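Below, in structure tokens: the form predicted alone, a single chain.
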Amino acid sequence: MAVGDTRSSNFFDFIVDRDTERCIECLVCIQQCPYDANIHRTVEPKGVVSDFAKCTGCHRCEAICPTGCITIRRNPSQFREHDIWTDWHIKNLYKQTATGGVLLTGSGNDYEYPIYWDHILLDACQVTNPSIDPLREPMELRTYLGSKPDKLEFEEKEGKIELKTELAPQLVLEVPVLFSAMSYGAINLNLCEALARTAEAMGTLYNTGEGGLHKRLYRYGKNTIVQVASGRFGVDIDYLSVAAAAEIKIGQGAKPGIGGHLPGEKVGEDVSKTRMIPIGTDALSPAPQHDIYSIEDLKQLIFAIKEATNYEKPVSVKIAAVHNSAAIASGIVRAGADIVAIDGFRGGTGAAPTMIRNNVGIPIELALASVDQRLRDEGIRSHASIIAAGGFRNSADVVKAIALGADAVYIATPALIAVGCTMCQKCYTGKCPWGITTNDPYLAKRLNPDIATEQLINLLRAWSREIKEFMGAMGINAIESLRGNRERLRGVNLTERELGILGIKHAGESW
């Protein structure tokens, strides 16, 4: 700590340790911190000091400091131990008594609920069913998203066999990973462009979220899923026509049952044009879609979008993972959706009420398994693809999700971390020090779209290679053969009830 360090509140979370022997007072830490946590004092004691209460733990100043003199660490000071009244609960009450406001946060649910991916193990071939070397043998990750017919009919024409069945429009993915909905406004245009360029380079798709589609990104339309949410921001015929697919957003995993709010400070000229709202006005997304109060209403919107796009594009419906997801998904499929996207409670967000984020919804693992099983039991599983979202951390999670029944997965937080996010969870302030969740022109320049594209491509390329390694170990050479193949999964440290919902056997049980 430097002499003269301050604290505008006594109960702060982080300490900025500054080695004054190594500090050259270049003031870079002051320039880099959008929260004004670092200060240059011109009166005694002079020098660079910090206001600990303003530090968010983003580590930007630590990463940029040219002499490495800064270390950000947790404040070791704690209240007296109490099993119920932890530091977190006490500090939250202090914040609310000071402001009278709702507690806000970013990212996904970080409560210590079970992470079922960590209790599921994958199978591997031994002796009788040999594994496959992905470095020597072809491995197929191509995935088709959309409604499939129950059966195919063929006919012979002029001595040739031709397909008679008319197929529904399909999305083709070269890797079963898509970038989840992140709205322009919540993130800046540099990141939107990097996501679009990566999707094009890797043969996958990114989702615009509810913030509309900037005209500069129309060229990436064939790799774009446009979202139609309750605010209808940016939705017109050009928006629907340019994309590869449209997604109706009913719910979001991080905040099921509530709408969204983009503060007016983040609605500049470009965001205003793209969302089709006045500059500086708050962009409020209602909690429900005001024209959808039944499956029949949903069906009308699905077919309105299909009609508007000449039945050439798949329509997806996204819901949050909640207690009755399986029945809801069944209704969505019967309403004509080509894709059902399910977002678990660990799904990220730019801004959500902390209590909602941490206490509403269910894990994606349980929701995915129950939805897949319900659609199979009703004989309509092939009528729609399933995209799972919410809390995917690595390629192993992706492989397990596909074996549980997903056709593909959405990722968002891994993409943000790939371009520099350190999970300080202050996205809602609009002051992201890494230039990711901000539209401040000065801060947004910190995210170079060329570098971000390279980082995102590397992420998907690495995961693709690892997915192929998993498949090879299981003796599978096409991702299609893994989908819903729960016999290749086993559970550990799970109850009979949990195993039953997941539809998998306990480790040690054979075929």
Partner chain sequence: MKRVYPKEEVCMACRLCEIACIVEHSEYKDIFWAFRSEKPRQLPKTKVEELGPLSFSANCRHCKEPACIEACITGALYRTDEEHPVLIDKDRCVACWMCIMACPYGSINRDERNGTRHSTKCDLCPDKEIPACVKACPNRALIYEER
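Treat the numbers as computed from the prediction; the structure is a model and nothing was measured. Positions refer to the first chain, counted from 1.
Only in words, not in the display: the form predicted in complex with its partner chain, which the text now covers.
Annotated contacts: D110, D133 and I411 are all free of its partner chain in the predicted bound form [non-hydrogen atom within 4.5 angstroms].
Contact check for I501: no non-hydrogen atom falls within 4.5 Å of its partner chain in the predicted bound form. Residue contact with its partner chain in the predicted bound form: I64 places a heavy atom within 4.5 Å of it.
By the criterion of a heavy atom within 4.5 Å, V28 is counted among the residues contacting its partner chain in the predicted bound form.
The closest heavy atom approach of C23 to its partner chain in the predicted bound form falls within 4.5 Å. The chain is drawn here without its partner chain; in the predicted bound form, the stretch among 475 to 483, 51 to 59, 35 to 43, 450 to 458 whose residues come within 4.5 Å of it by any heavy atom is 450 to 458. The single contact residue among P441, G100, P76, P278, judged by any heavy atom lying within 4.5 Å of its partner chain in the predicted bound form, is P441.
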